[in-house]
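Following this are structure 1 and structure 2, which are two forms of one protein chain, each written alone as structure tokens.
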Structure 1
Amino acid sequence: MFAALDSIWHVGLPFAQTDGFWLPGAATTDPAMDRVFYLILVICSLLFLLVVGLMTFFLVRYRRLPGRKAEKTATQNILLEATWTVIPVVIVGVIFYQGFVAYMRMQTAPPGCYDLRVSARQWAWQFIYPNGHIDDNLHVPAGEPVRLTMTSEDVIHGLWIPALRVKMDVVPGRYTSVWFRADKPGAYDLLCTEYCGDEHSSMLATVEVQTREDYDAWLKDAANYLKTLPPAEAGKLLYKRRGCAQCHSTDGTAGTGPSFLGIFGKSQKMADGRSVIIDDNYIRESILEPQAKIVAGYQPVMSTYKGLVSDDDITALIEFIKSLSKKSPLRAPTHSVDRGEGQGVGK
């Protein structure tokens, strides 16, 4: 019976695959969960009309009138009780079956998937591509199955792409995966569905669906941005892509970590009472050993980027921070300034 229902329902309702009133337009030709959603919507709508219709009929038919006596009601009806027990069981069974089929279709990736890795952290996404490039937005080739293998560096997050009907929790300490096929080139929203802290609502990204030719060209250029962009511009990209923007502002506003605006070349007081000049060496140490020096007034919450960034990445970030300084960059002497007892830029 369930197999027959699935073959019939697989055709889908006429409005399930298009831009509709209830759901955003699908960028995939097989949004499995759409059929489940519209099945539940139709069943609930019919039951709502049935209940309200019967309620209205009974209110009119048995309303109190002058001279009418209350009629005796039945105390038991086996057939009626069996009917309203069996019918809901069948409905729940159909919904469960359709939901299970859709879930398994989403979880069982086809052969030859294009594999990408995803790392989530408060409050940013990092998408790791096969050539090692890391981006804060997700780029995928159109018409090809893509599998995301995901993990979190801190707390639980939830990756949701409404247009692709993809939603999966991203859990610290383990890997979860989900696959999809985006058939319509364009830009689509990606957001976090699990509350993960103060900046949860800003944990956004864009899914760029491109033709294979455009995707290959983008990936080649994106991976070479350190060579093709000026160091400060490359550092700005890293600032966004590596999650620095979630804790460090560039407009002077204090966040989880101190602002980068005008910080380079200045003396900064540390939590232990000593002062440190914010120079190249200090920034480098703050990135690789963030717990070594804690800026006064901030908590030691930053994770190390050791093994995640190259020397060229660090140089680009330093140049970007320099470019935000209101005065000429100050290169403090490396032999006399106490820069070993303070803390990093990120705390």
Structure 2
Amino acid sequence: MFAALDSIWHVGLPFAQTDGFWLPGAATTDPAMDRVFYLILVICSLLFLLVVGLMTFFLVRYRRLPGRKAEKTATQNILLEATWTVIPVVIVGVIFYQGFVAYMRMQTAPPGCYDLRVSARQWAWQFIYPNGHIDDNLHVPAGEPVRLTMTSEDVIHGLWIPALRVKMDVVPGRYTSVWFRADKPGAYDLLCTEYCGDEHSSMLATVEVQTREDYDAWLKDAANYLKTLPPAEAGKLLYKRRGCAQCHSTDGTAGTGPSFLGIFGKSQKMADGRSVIIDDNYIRESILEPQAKIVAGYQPVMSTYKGLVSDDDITALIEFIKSLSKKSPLRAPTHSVDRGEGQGVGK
């Protein structure tokens, strides 16, 4: 019986092999979804033509004319009712089966997937690569099964790659995952489809499908941005990517934590009454041991980044925060900064 069902599968095949009118070009050579889509499209169109065709025919043939009365016909017929009950049951049965089989293929990741992690927040995607690199866009090697393990930092988002026919919500407080195999190198859209607030429609990213060599070369290079970018620029990237921006603004507005604007070199009053100069050491300590000294008026809610950021990362962040004070007319960089460890900040 399933063999018979499988032959129906191929009804949609001629359509699926070209970039159809209805679906965007696929990045995969095995878009199981497309066949089911076109199968349903064919069935739908035929059924629609049948119903509306009959309706129009009756409308013309039996329109009200002077002198013609409605003819008496049977008011029920079990055989007819059974026919138009059973035939739709069979049709939807076929569609369900096809959809289910393709869905299970889409759900079951093959062994040996290349694993990437995805973190979503309002309103940006972060793709976390095996070597710890975090990027705004998704780069994947072509021809290999890739699995994304995703979670959200705030509200529910939805990851959709139309060209790969995959979509999955990204939910806070749990992991969801999708897998796919992109065969055709190129750039494809990645969109957020679960409504997530003001900038929902700009929460977009690009999927770069690259050959394995290109991918490896890119990843190696991309992970080195600390070395290739000026420290303050690299720090800015880190600030965006590591979630600092959620609590610390750069425009002076107080968030969950103090703003970074113009704080460097200033003296701040702490919750316990002491005054501390915001310098390299204070920033370093605040990243690694956030509870040690809390600026007055803020809650001790930051969690430690010990083990999560490298020394170079911290240096870059310090440079970034420093750069935010340079713009301040009130405060030029002071010399109270202790550069004792003399790390490669300058060039």
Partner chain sequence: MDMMVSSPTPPKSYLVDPPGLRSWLLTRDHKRIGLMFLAVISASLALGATFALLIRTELTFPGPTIVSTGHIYNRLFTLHGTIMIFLFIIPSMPASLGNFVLPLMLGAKDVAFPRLNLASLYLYVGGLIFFLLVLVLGGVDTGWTFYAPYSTSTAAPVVLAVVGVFILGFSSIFTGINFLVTIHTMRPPGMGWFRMPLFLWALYGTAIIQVLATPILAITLLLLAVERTVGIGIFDPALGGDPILFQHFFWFYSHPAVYIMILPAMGIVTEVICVFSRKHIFGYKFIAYSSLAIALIGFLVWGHHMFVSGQSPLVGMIFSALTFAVAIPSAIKVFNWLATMYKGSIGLAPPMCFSLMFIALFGIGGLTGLFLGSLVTNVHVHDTAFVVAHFHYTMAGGALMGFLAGLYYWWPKMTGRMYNLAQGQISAVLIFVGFNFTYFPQFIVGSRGMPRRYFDYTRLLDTHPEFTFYQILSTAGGFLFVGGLVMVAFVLLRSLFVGRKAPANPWGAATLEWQCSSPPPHENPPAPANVGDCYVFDDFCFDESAQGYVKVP
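The first residue in the sequence of structure 1 is number 1, and each one after it adds one. Rigid core (definition): largest C-alpha set, two forms, superposition within 1.5 Å. Treat the numbers as computed from the prediction; the structure is a model and nothing was measured.
Task: Of structures 1 and 2, the form predicted on its own - done: Looking at both, the form predicted on its own is number 1.
Task: CA of H133, rigid core aligned, shift of 2 Å or more between structure 1 and structure 2 - done: Result for H133: no, shift under 2 Å.
Task: Core-aligned CA displacement of L116 at least 2 Å between structure 1 and structure 2 - done: No.
TODO: Determine whether the C-alpha of A271 shifts by 2 Å or more between structure 1 and structure 2 once the rigid core is superposed.
DONE: Yes, its C-alpha moves 2 Å or more.
TODO: Give the C-alpha shift of K240 between structure 1 and structure 2, in Å, after superposing the two forms on their rigid core.
DONE: Value for K240 between structure 1 and structure 2: 6.0 Å of C-alpha shift.
Task: D251 CA shift between structure 1 and structure 2 in angstrom, with the core used for superposition - done: D251 C-alpha displacement between structure 1 and structure 2, core-aligned: 11.4 Å.
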